[in-house]
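So this one's two forms of a single chain, laid out as structure tokens and tagged structure 1 and structure 2.
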Structure 1
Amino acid sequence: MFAINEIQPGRVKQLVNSAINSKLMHRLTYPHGPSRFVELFDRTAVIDETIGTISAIEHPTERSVRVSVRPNNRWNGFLAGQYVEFAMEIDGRRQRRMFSPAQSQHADGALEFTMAVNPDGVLTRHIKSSARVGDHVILGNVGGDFHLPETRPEHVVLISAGSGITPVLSMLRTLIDERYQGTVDFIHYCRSADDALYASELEACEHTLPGLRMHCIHTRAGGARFSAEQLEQMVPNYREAHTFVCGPSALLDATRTLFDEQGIGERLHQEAFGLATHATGEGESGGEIHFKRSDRTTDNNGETLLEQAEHAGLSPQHGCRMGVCFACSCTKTAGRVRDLRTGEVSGDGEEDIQICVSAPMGSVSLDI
């Protein structure tokens, strides 16, 4: 059997680690903590953050970049399909985004991230053009329930589009490592052969995993986008399988509608790479936003509280800006807010909220 956490630090490293983390070290380095001193010598030796070092950078296509990141001892592994918070410092600011490692959950060594490069994107553009081998990456929380069930189903359908391939590829590679005996249908949409990620590897996989059937669809070379008929044709027995989908919201919406209509909604697992675009609703402008701790007040324009705080000149902690990482959590002391993911409106009492996905409904007070 494979354990989740296979990456064991060497014995010596373990000893050094526990010495750094010892009670005595904490007392001697109070109040800064041992990490603030060991980082003088080695940034990756800290015990309060998972630091990775970039070990390779490749450019598989024009619009993508692949980075391999070797994590320090604090890395605890992940489940195939989950995401990792990935941060780098760019122009003095820590930029944190979510990415799904593409390697098998049983692989040790470097994590592999394949990123679609957004021409306006702060992080991916930096990695594509300026990052160097040896640069440090801060790896944050690992999470998400988008992963294979512990008892592997007999039939798995993986559907991805574009860069959405990463979490499902991780699942495929994990199944290969486990010498999976069941059936895998892998449906991948991309614009053209030039734009295809992992094309040759996927071809090779068909030989290593007997139960794998690849379906590559090039949507700008005559291939059709996802439809119920198309799925029926490629995988007639998809209703009995567990289906994992990752891609743009059109693909997520279409699969969700189909599976719900068929009454098999619970067999569909989805991952969204961005804030869902539907049914979010918005805030209500008017009134004032009061930032209590900074003693600043601004007219409420209805945007998210994170954006309004930034416009008011504050720098609240944040990460993903889409409600995933909880870095932006803070206490709302008064007023009502709408959660832009669900459209739900809160009560007006004191509670913790994620300000990146909360828009005020009139006046709101925040403890920042």
Structure 2
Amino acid sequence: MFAINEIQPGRVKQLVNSAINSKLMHRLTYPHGPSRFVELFDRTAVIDETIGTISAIEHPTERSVRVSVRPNNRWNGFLAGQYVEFAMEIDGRRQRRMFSPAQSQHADGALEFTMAVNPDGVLTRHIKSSARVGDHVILGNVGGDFHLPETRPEHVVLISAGSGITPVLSMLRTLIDERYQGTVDFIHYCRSADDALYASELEACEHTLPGLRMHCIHTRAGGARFSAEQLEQMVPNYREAHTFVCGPSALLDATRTLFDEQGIGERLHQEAFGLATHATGEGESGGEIHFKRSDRTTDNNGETLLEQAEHAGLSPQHGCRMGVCFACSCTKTAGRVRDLRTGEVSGDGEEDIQICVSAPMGSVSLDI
């Protein structure tokens, strides 16, 4: 015989999972399944989702919030620069966004997410005003090609603006943990010192690696926004480096144009934290949007199909609003739409589309 407190925690987890996976448990808990019953006692013990518990909440600036989240044992890690699907149950609905963890990929313990608060965003407003330590978070897919290559380059340039700092800071922290011996130029743009995320840490990082050079530009205080001349002055040999950029569309467009003109586009790696939209073409407004399942029709005002569905009083499933998470995918049964990321126009027939990044070209019918 043995006492339950003599069993190692890992063994307890194995015993629980074995019981949950047994045929008998599935029969006894039909139709909900054993996971839902275990969840009543310990939300983090569910076996079919990665659940995190908020362990700390900070407000580094007026327009941002930082949360530390301790994941359960289903968490498999990430590569520095990648994003994680982050969701919370708010007013009975699961709200999703994609956020990049800011800590080193080698760090154990809590994940760190620093978010710009969108005044119109349900999730970030909730986290800033209502979330509490102990609340649960659903951590979904880890993804994205924006990460350091397995074989580290000899020279890395990291460029960010605003809250785009989080994935490149993760890269910097990872390189620091690895005692990277190459050259790193870290360039961050923000409006002022009051808006600077991680200002004290960036200042303290200067001497953590022998080849690290830090550049922080306050644009409101007279610092120039990104330009070819500015980059040449700060990093004269940037053409030989691998450059990683995250920020708003203006920064992404400027760096892409420069690197393509220089013939070194393959050395530029980018990640957007907002949706860069292509110019609206002729005929994108006008006509009607028909939501077949809901039997509702609204005049087409040219906005995304997700926005128009919401204006019509519908609540279609969605997540990132950037075309990344595919939570908003649905079937277009008729009409043409423009993909706001690429400018590509669809055919007239039935096909699956992402309504958060699709604008209708005239009349469109959706299976919503």
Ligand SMILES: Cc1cc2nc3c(=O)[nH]c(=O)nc-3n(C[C@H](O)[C@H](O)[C@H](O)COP(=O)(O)OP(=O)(O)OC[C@H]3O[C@@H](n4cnc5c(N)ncnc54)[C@H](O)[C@@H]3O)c2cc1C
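Computed from a prediction, not measured in an experiment: that's the story for all the values here. Here, residue number means position along structure 1's sequence, counting from 1. Between two forms, the rigid core is defined as the largest C-alpha subset superposing within 1.5 Å.
- For the form predicted together with the named molecule, the corresponding chain is the one labelled structure 1.
- Relative to the superposed core, S294 shifts its CA atom by 2 Å or more between structures 1 and 2.
- For H311, a C-alpha deviation of 2 angstroms or more is recorded between structures 1 and 2 after rigid-core alignment.
- Put the two forms on the same core and the Cα of R341 is off by 2 Å or more between structures 1 and 2.
- The Cα position of S358 changes by 4.8 Å between structures 1 and 2 once both are aligned on the rigid core.
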